[in-house]
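You are given structure tokens for the same protein chain in two forms, set apart as structure 1 and structure 2.
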Structure 1
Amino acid sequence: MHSFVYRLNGLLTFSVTILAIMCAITSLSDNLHTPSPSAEIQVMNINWFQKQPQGNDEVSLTMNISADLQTLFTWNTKQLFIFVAAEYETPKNSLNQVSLWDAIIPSKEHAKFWIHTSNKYRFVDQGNNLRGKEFNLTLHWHVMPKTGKMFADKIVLTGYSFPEEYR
């Protein structure tokens, strides 16, 4: 009962159990935290708006994105993954979500920012339904913790629309 192997086994089991409990409590502490983020997106310019040879609409736009996401950071936050997606409805699809731009915010200091950018990923529809269509721009964030449960939420900004004609 007192040999080296039994003592080592007991020590290892105990330390792994304690580590697991600590990780669980760390993750639970994230639930006590209520964030209050804010964001604004302006579409500065529709650079071009064309129909591809395969028949899908494609648009390129330039946006001003400003946000203050500092309240989302806790002691258990490793990084914040944020992205801006355009959401719209078409006759065939009840929902389309296209990610236009994303970024990784590694720390609280970087969480308050302003950026002027064109879309990082190609905005291609499944079809040619975009002319004159209204769409929402949503800023999503995914909190990636140092350990435990991941959270995600978003801010929906409405009122954007495509031009009536290709250009």
Structure 2
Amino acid sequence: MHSFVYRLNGLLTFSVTILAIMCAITSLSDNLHTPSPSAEIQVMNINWFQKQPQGNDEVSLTMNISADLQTLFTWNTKQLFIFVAAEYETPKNSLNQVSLWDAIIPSKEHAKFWIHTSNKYRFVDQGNNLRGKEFNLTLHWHVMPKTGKMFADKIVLTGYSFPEEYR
């Protein structure tokens, strides 16, 4: 006969194995979900566009950000981390990314939103390359699941440009 400790060990091992299999199936079930998020960002105003004393360009934008990210939520989603980045090219770098705004979306109920905001973080270019330059605003998101791997995606919104002169 097996002792109580051996039987308890067998039961706990079996339980942990079943729990691990359930977590793996949960994680794999998220791969079957195909989200269709939407977003729109309008630049309402360029508050200032100036050259700093060090020679770098600095920009302050006022934006309307509207998004419907509810389809990103499944029963396995804990929260979303989202951020808006300005992306542009310069002679020195083929891709420059500057984070302008971010937020954490804790639930599906908060995933459809509209916000009127200025950039939360300073938009400074290393140099004076922004005058007349075209740029994209990109809404990035990271889905943080309860179990399984985290994944990220983005929506690129094109057609924005900086003024030709400093203000």
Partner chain sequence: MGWIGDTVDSVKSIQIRQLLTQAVSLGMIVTSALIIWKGLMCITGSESPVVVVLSGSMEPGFKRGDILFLHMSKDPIRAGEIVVFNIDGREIPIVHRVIKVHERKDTGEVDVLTKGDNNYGDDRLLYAQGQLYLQRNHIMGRAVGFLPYVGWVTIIMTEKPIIKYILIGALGLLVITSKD
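Predicted model, so just to flag it, every value in this text is computed and none were measured. All residue numbers here refer to structure 1's sequence, counted from 1. Under this definition, the rigid core comprises the largest set of C-alpha atoms superposing within 1.5 Å between the forms.
Legend: structure 1 corresponds to the form predicted in complex with its partner chain, while structure 2 does not. Relative to the superposed rigid core, the position of the CA of G10 differs between the two structures by 2 Å or more. Superposition on the rigid core between the two structures places the CA atom of M150 less than 2 Å from its counterpart.
Superposing the two forms on their core, we find that the Cα atom of A20 is displaced by 2.5 Å between the two structures.
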